[in-house]
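What follows is a single chain, given as structure tokens, in the form predicted alone.
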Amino acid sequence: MRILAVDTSCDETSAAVLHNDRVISNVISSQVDLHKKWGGVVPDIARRAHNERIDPVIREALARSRTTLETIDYFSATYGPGLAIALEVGLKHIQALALEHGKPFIPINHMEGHLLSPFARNAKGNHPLPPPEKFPLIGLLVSGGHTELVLTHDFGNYARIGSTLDDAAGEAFDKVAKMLELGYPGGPVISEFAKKGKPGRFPLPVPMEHSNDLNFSFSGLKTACLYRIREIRQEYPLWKPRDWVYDFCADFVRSVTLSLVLKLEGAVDHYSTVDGHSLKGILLGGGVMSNKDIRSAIRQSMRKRNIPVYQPYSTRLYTDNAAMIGTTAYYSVRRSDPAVTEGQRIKTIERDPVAEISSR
């Protein structure tokens, strides 16, 4: 089946063409430069940019995949969660194309897209996962707006077993970067600076270290960073940023990493067996997982428990993108009608009542 998917959930306009679960093209147009001077995403600017870019992005995705709209079998778009007026652009556009060409439209949950991003194959069909029938799995999703642990029984069968009580990890990255005057988006900058620093100089608390549950919280860490940064600037007014910011970033990343690993270990220990089946692995998704140190710490921890860790085949699939939406659409169609796996085209499809894995 040929799928055209789009994602306009926040500040990136993306379109992808997939042949089944193989990503043939994945075009992403970032709006970072438009929002940078405001220090964050401005909804009206985001909507305007999506409206201007969605047609060119779709055309480029089709051209790169040597595909035409007439040959697309399914049209798909993110319906939420995300920035409402941004989501509306992609939804309306793709629904109109589906109606024009008389093909099914498949709405996809954005966080389900992040969860299933490791299942995407590249254009050659290479896959980082064992056969997708290997369940149960636990997904750790860490992005700008969400930090969640998701028990994955099967495609479309999920249970959220842990989530953030306040701020998400990605938001903490951006807010601390703002405190350090590192610009927007701050998350990637902090990650790069942390590589140049040494943790231990500015120890910070590990969020929810003793909570005895699987939830996350990063507001306390943000507050601790605010006070510590103020203290540093008052005590050492002659210090230049390069004298301490790298080390501070290293300690911040270390604190976030320890929290994520701690909660994941708790989830793996608690759900080592699910419905009589042993846990088969960990799925990683979300923009914060672009950080190599976080991924490395998770792999090291899971290696001690003999639990494999699976991640997308490309770093471009961590941040918001249409390829993960198309991949999720593929599995949505496949479970709606098994005949699809045999190459038969179904004419209609209704939105599958997949349990929401994020209410935010």
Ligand code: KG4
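All of these numbers come straight from a predicted model, not from anything done at the bench. Throughout, we count residues from 1 along the sequence that is shown.
What comes next is about the form predicted together with this ligand, which is not displayed.
- Site annotation in the predicted complex: the residue of Gly186, Gly139, Gly113, Pro118 reaching within 4.5 Å of this ligand with a heavy atom is Gly186.
- The partner is absent here; in the predicted complex, the one residue of Thr164, Ser290, Asn109, Asn122 having a heavy atom within 4.5 Å of this ligand is Ser290.
- With respect to this ligand in the predicted complex, the three residues Asp21, Phe135 and Thr152 uniformly fall beyond 4.5 angstroms at the level of their nearest heavy atom.
- In the predicted complex, none of the heavy atoms of Phe193 sits within 4.5 Å of a heavy atom of this ligand.
- In the predicted complex, Gly156 stays away from this ligand, with no heavy atom inside 4.5 Å.
- In the predicted complex, no heavy atom of Tyr330 sits within 4.5 Å of this ligand.
- With a 4.5 Å cutoff on heavy atoms, Ser259 does not count as touching this ligand in the predicted complex; it lies far away.
- With this ligand left out of view, the stretch that reaches within 4.5 Å of it through heavy atoms in the predicted complex is, among 236-244, 204-212, 96-104, 166-174, 166-174.
- In the predicted complex, Tyr318, Thr319, Asp320 are the residues of 299-335 with at least one heavy atom within 4.5 Å of this ligand, listed from first to last.
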